[in-house]
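Below you'll find only one chain, the form predicted on its own, shown as structure tokens.
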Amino acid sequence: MPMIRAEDATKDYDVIIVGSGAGGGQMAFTLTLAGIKCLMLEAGRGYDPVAETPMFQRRDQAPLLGNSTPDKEFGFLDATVDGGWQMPAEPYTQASDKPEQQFWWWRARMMGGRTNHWGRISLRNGPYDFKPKSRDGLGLDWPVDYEDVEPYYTKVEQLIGVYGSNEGLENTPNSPDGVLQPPPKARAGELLAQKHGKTLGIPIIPIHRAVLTQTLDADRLPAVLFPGNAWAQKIVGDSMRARAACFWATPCGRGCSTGANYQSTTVHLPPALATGNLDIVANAHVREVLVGNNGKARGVLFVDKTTGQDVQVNANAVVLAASSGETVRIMLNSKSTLFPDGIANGSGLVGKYIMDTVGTSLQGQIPALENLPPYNEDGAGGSHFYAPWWLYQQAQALGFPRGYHIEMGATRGMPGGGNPLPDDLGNGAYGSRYKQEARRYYGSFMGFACRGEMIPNDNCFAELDNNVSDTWGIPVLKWHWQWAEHEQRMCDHAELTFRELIETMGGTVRSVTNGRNRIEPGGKIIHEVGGAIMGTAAATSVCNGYNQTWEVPNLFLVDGTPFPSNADKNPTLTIMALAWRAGDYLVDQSRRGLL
């Protein structure tokens, strides 16, 4: 992927985009195809998914059989070539020594950011999810409705390619006919869960994931996305033709050299570069957004990690898309006489209302899945089916607000490096008996995971730690975290649901839970959002419904920071939809001379 050196980024750009993941990639795509000259700054190194994705390596060809290590938490073959929960050069601190009050901050330092690693689960927020406070009085409403975002959900799904089905379930929006790609068949465990889920009233349906089950219609879709713009249609069509349909070879978390997965590096950045309107600088660690005397952003100051030198670049507008925590860090560090507490922070809300997804899980052993022959074990690298939240009509009786969806895993795919036969089931078997028992039990285990909505609270926020700096002398973030009773009760309910489902399937629960410690730590699910929320007024929010900061009209935030709530739906599709919408708005405002 072509990049320029930091010292060559000397011209004045129309827009500087900080971050190359879902929000930054979408913004670059939208703006460059509108003729806007952009500079993208990525804090990590360059990354070429075609050359660097280990799609066809077996686990025995990887160190430690591909198992996780401190610097590769998801294993040697994971696509995250640099980054993780801990990076020695870029530390962060915790306000509390208590583990339950600490936040795990995941960062991907590579071109494309987290889009190289993510689970590709692409769920639309429903109408309820944009107005949660209006429904139950808790948290915050969004300044936009589902109808405002719906056209952009559709455009993103058409561009990146999402498989799934339309089921017409409450607050689980359908896509327009013909937009979704056909979903893959369920695996045996998913079919069994679907059968028994019906007896419990749990709908188990095809999940929506950004994986191509068929090639994109490059002759039709570009004209739908860019009507009347033959130049853009040609560029986008060529990019679509470069992507192959998935042939179910390897786990999606390794990345995808054939482009079947959505990654910013294979979907957004190639056509943006093809316009000739995008320059990219890697290893650019942003120190601050610079402000002119008129109160508008005039550029960015970043550290060139290859030289350690500070570099200033200039533009007419700045877009932050660095992930919620990183965008908060940059904003708080952007102090000036006009903004002594950080840029666009007159409300004092920058860093506040950080959220993650509520996570807990339970595993069971299902005798009905023993000794099964392989059945559709390959496929997309993740679940083919899931259960959207189904108890909206019982909300008052549940004892907690909002809800969760259920992700599930059941497979007889290639085993990892561990013992495939748990000791308690092996019962001392060895030799041919061991092999017989391993074949019997392997694939009979099924896990269910809760992915639930967190209500924003005053105890979850990030601020600068003025006593600790990173390698380049920039103050780091200090995290404050505390789950509320709402989320704890949600996990109680999820555990009971999973136990009932496993037992209804004829299985036995195997996980050992430990009361309130069953909830995953904040940040562990890697769905951090909030920190610079959008709203209807400058006094109670940081940006408006177009991701534009109230106080600095040419500063936009297009990662998860503007989220006023975090529905149970995975946030990436919404980040991209809002970024596309913000891009169109930025172009319109720019052409009207309002930035």
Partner chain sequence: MSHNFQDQDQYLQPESPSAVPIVVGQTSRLPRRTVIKWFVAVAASLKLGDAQVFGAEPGPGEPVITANGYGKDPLLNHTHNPGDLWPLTLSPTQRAAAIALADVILPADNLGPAASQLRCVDFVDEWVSAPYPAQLRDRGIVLPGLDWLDAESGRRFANVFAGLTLSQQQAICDDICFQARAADELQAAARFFSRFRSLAAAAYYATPEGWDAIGYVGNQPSLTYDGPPEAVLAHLGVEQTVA
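From a predicted model like this one, the values you see are computed outputs, not experimental measurements. Residue numbers count along the first chain shown, from 1.
Keep in mind the form predicted together with the partner chain is missing from the figure; the text below concerns it.
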### Query
All three of H117, K185 and G379 touching the partner chain in the predicted bound form at 4.5 Å, heavy atom to heavy atom?
yes
## Note on the structure
Within 4.5 Å of the partner chain in the predicted bound form, heavy atom basis, the matching stretch of 243-251, 302-310, 333-341, 124-132 is 243-251
### Contacting member of G346, G295, G413, P270, with respect to the partner chain in the predicted bound form [4.5 Å, heavy atom]
G413
### Query
Though the partner chain is not shown, can you say which of T93, S469, N459, N419 has a heavy atom within 4.5 Å of it in the predicted bound form?
N419
### G139 within 4.5 Å of the partner chain in the predicted bound form, heavy atoms
no
#### Entry: Any non-hydrogen atom of Q86 within 4.5 angstroms of the partner chain in the predicted bound form
yes
### Query
Are any of the heavy atoms in P54 no more than 4.5 Å from a heavy atom of the partner chain in the predicted bound form?
yes
### Query
Can you check whether F74 is within 4.5 Å of the partner chain in the predicted bound form, heavy atom basis?
yes
### Task
Note that the partner chain is not shown here; using its position in the predicted bound form, name the residues of 421-435 with a heavy atom within 4.5 Å of it, in sequence order.
P422, D423, D424, N427, G428, A429, Y430, G431, S432, Y434, K435
